[in-house]
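To begin, one chain is listed below as structure tokens, in the form predicted alone.
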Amino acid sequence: MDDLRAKYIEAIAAAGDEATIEEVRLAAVGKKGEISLKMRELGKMTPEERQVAGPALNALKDEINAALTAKKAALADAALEERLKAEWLDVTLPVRPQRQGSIHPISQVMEEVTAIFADMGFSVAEGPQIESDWYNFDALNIPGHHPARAEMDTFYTHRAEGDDRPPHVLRTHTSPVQIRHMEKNGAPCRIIAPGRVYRSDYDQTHTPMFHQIEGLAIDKDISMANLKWVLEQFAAAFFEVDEVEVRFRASHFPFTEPSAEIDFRCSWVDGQLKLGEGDDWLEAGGSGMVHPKVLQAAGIDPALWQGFAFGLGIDRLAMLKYGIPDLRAFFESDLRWLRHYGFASLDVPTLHAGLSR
């Protein structure tokens, strides 16, 4: 028994890897190992012999198993030590600096759009987000029975009992900015009105609060041809292509006459949108010549002045340009989501830098 113990303790100590340790284990305590075979012989012994040999063999088996386990642990520790020497890492070093702020897609697109229209001579006009019924509807030739004036489509501000002031709403478009600008500055004018607007709607392509940019140009000889040129120049610059064909589809808006839906020529290749080529058309917004009643409401003589107006969705433009599939993602995002769509941390100052850090 002593010779068997010495044999395997020495073999375990000499083993240099796990494969050798496994060979020793099989030879000693495997199903056909020497110690296992001797334990099978206990049945052939007399009770007196078994009483002596049994405890000795069990003790030997336990000792060999303990030695095998200790050797495996020693080999693992040695391997880890060698790996640590080769893959040394100083965890006391400070982390690499990473800019935390990031401009939001809506802010970035609004800046891009503003810069493009500025190059065409448009200035930026702004107005309140809570508007009177007059500026939001009446001055824009939207009659009292129009569906947009229903509470299911528009957010009305609360009025206490007995308060007979005209109703106020969260503006449903930035068109009231056009009325306010014409009232204050008259004609001629050339403006864009970007900003938040509100409608009672929510699904994959609609949210209760979203962003629009509307354009207005008033002069004595402006026509739909000028409108089409402006939209073509804008689309080509924004989508960074040489040319985008614009198509007008006859439509109806209370504040323009004639009115037209704006379509951009495009194609879909492997699920990717390409502007300026192909046989498909993408609806982009609404437009038309400003209705004479709108000019009159703003204090401008429609016999002397005329002009065009158009409206585009900032959120929709961002989705199209950067491949963002769900409008609701703009309001449920984080920095990782922004970086996924290419909106890296701020590296240069922007118009919105103070708000996005």
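Numbering starts at 1 and runs along the sequence shown. Computed from a prediction, not measured in an experiment: that's the story for all the values here.
Keep in mind that the form predicted together with a small molecule is not shown, yet the notes after this line are about it.
J.: Consider residue 154 of the chain shown here, and say whether it contacts the small molecule in the model of the complex, taking contact as heavy atoms within 4.5 Å.
T.: Contact with the small molecule, no.
J.: Are any of the heavy atoms in residue 168 no more than 4.5 Å from a heavy atom of the small molecule in the model of the complex?
T.: No.
J.: With a 4.5 Å heavy atom cut-off, would you call residue 310 a contact of the small molecule in the model of the complex?
T.: Contact check for residue 310: yes, within 4.5 Å of the small molecule in the model of the complex.
J.: Going by a heavy atom distance of 4.5 Å, is residue 199 a contact of the small molecule in the model of the complex?
T.: Looking in the model of the complex, residue contacts with the small molecule include residue 199, since a heavy atom lies within 4.5 Å.
J.: Within 4.5 Å of the small molecule in the model of the complex, counting heavy atoms only, one of 236-244, 173-181, 81-89, 119-127 shows up; tell me which.
T.: Going by heavy atoms within 4.5 Å, the stretch is 173-181.
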